[in-house]
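Below sits a lone chain in structure tokens, taken as the form predicted alone.
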Amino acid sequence: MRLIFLGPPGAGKGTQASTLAEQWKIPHISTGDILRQAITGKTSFGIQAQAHVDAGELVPDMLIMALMRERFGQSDVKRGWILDGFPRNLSQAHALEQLLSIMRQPRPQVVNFEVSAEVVVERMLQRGRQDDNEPTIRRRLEVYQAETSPLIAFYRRHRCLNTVDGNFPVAEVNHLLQQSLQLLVSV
């Protein structure tokens, strides 16, 4: 199974990806985790990424793609994977399509977690992280809408988009997700 999880920050993508990855024994690939590991490990990509992070900038697509190419070169991705936080925009989606084509991997299924802004704000405020305040959260949602939501139309055109209502508690969302994925497998 090859999956891409889309949704705003706080939609529960990481929680659901971790659960399914453990259940299916496939990697949960989070660009945030990959970036943190590269920065902590002071790899050449990590050093380049750190400069952008320190400047408060998004890490450029070219650097993200280099990290993803490196990650997709590891043996554990052969049986499948779940991407969380990637692709983030259309440029990354096109680059991912090229990478998968080169690797002769099939196009993944995409799950879009639809969650209301109010639920996202509430969830993120409950996490209690220092940078999670309402104006910052709402700004992240604006950035998500501008950059990431066009991916929904992109994947809909490719007929690989599935939508799950992420407004419910974790267990209920997992049940809805499992039902949606069962339909995919049986098709």
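Basically, rigid core = biggest C-alpha set you can superpose within 1.5 Å across the two forms. Treat the numbers as computed from the prediction; the structure is a model and nothing was measured. For every residue, the number given is its place in the sequence shown, counted from 1.
Here the subject shifts to the form predicted in complex with a small molecule, a form of this protein not shown in this document.
Peer 1: Does residue 159 reach the small molecule in the predicted complex, with heavy atoms at most 4.5 Å apart?
Peer 2: Looking in the predicted complex, residue contacts with the small molecule do not include residue 159, since no heavy atom lies within 4.5 Å.
Peer 1: Taking heavy atoms only, is residue 69 within 4.5 angstroms of the small molecule in the predicted complex?
Peer 2: Contact check for residue 69: no, nothing within 4.5 Å of the small molecule in the predicted complex.
Peer 1: Considering non-hydrogen atoms and a 4.5 Å limit, does the small molecule approach residue 118 in the predicted complex?
Peer 2: Heavy-atom contact with the small molecule at 4.5 Å: absent for residue 118.
Peer 1: Could you confirm whether residue 32 comes within 4.5 Å of the small molecule in the predicted complex, counting heavy atoms only?
Peer 2: It does: once the small molecule is placed as it appears in the predicted complex, residue 32 has a heavy atom within 4.5 Å of it.
Peer 1: Each of 57, 131 and 140 near the small molecule in the predicted complex, meaning some heavy atom within 4.5 Å?
Peer 2: Judged in the predicted complex, 57, 131 and 140 all sit within 4.5 Å of the small molecule.
Peer 1: Is residue 132 one of the residues whose Cα moves 2 Å or more between this form and the one not shown, with the core superposed?
Peer 2: Yes: residue 132 shifts by at least 2 Å between this form and the one not shown.
Peer 1: Once both forms sit on the same rigid core, is the C-alpha displacement of residue 30 at or above 2 Å between this form and the one not shown?
Peer 2: After core superposition, the displacement of the residue 30 C-alpha between this form and the one not shown stays below 2 Å, so no.
Peer 1: Inspect the rigid-core superposition and answer whether the C-alpha of residue 64 shifts by 2 angstroms or more between this form and the one not shown.
Peer 2: No, its C-alpha moves less than 2 Å.
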